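In the block that follows, a single chain appears as structure tokens, in the form predicted alone.
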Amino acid sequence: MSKIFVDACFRKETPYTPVWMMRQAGRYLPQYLKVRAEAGNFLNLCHNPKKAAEVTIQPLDIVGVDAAILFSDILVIPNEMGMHLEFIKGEGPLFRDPIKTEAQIDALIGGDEAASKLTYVFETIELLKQQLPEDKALIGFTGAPWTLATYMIEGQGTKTYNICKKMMYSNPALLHKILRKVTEVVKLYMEKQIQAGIDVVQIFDSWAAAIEPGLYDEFSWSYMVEIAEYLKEKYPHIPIIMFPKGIPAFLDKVYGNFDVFGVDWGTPMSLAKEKLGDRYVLQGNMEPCRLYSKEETTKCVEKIQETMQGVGHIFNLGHGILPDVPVENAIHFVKECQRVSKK
């Protein structure tokens, strides 16, 4: 059976424009909170294939989206490379042993050895393939090497990225060594996700905007493209979505063998259409806070639909859905996207 989401990624004719939301399996859903409480904590939930599969499917059943995104976390990669990951309540992820030296990089587990440790992710995918409706796509994902490296170097989330950027400017070779090691793991990790059964890959560069535009290709985009092209050469039937958040100044320089470009809410869809619409399907990009108002949601969905006439498009938010959004508003967003785009 044809999957509308996969067809849209390849610019094939679809009965309407498909829609999904980043972080759609998350804290705005009471059903998710129940399963997470049963798991004990966030990391336990990521490590439990049965429960991870359960929360992955919830948005399809409850909200009506056209694709499921695998429930996991980008930081399981450095965790399995040998860094000790914790999630601190109210503060987020923490590595108590951030990367500062070349010796620490050399000590990280690399390549297939690290990728093969992520068995719980592959088991989750295999469970999902047994449970998902045939017409719904399953999106696998990874963090971009730059985004992963920022956590590995800073040790936690940051507003300034000063430790990572100090390395970028004062010792770029050391930063490239981290990025190279992470890239090799990510390529094999995503290949194993594909082999386990995912239908689509999304590469998140959540912290893309931390790099000045003139250096973005060197320290992030080129590594993302390398991953995409590695996968495309071996698995051309798998669509690849690139989502670098907050880089409108880089749109003129975007290149690479991938299928869909995710547009964040700070980048006008009209600009993305002008720069990229002839080469890539575009995904996005409603400002997530518009979900607090059904009226504003409808206005925005209609405007995006009007803007995107004539080019390939997938509806989404311009970043993740927020935890306090009413579920009925998320349902309204999905229904409106499907309504305005029906052929």
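Please read all numbers here as calculations on a predicted model, not as lab measurements. Sequential numbering from 1, following the sequence displayed.
Heads up, the form predicted in complex with a small molecule isn't pictured, but that's what we're talking about next.
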Triplet R36, S72 and G157 all within 4.5 Å of the small molecule in the predicted bound form via a heavy atom: yes
Heavy atom of H332 within 4.5 Å of the small molecule in the predicted bound form: no
Y32 within 4.5 Å of the small molecule in the predicted bound form, heavy atoms: yes
is_contact(C9, the small molecule) in the predicted bound form, heavy atom dist at most 4.5 Å: no
The small molecule contact in the predicted bound form: W221, any heavy atom under 4.5 Å: no
Stretch from 108 to 116, 72 to 80, 124 to 132, 227 to 235 whose residues place a heavy atom within 4.5 Å of the small molecule in the predicted bound form: 72 to 80
Single option in K50, R27, R279, K294 placed near the small molecule in the predicted bound form, where near means a heavy atom within 4.5 Å: R27
Heavy atom within 4.5 Å of the small molecule in the predicted bound form - residue from F250, F95, W265, F141: F141
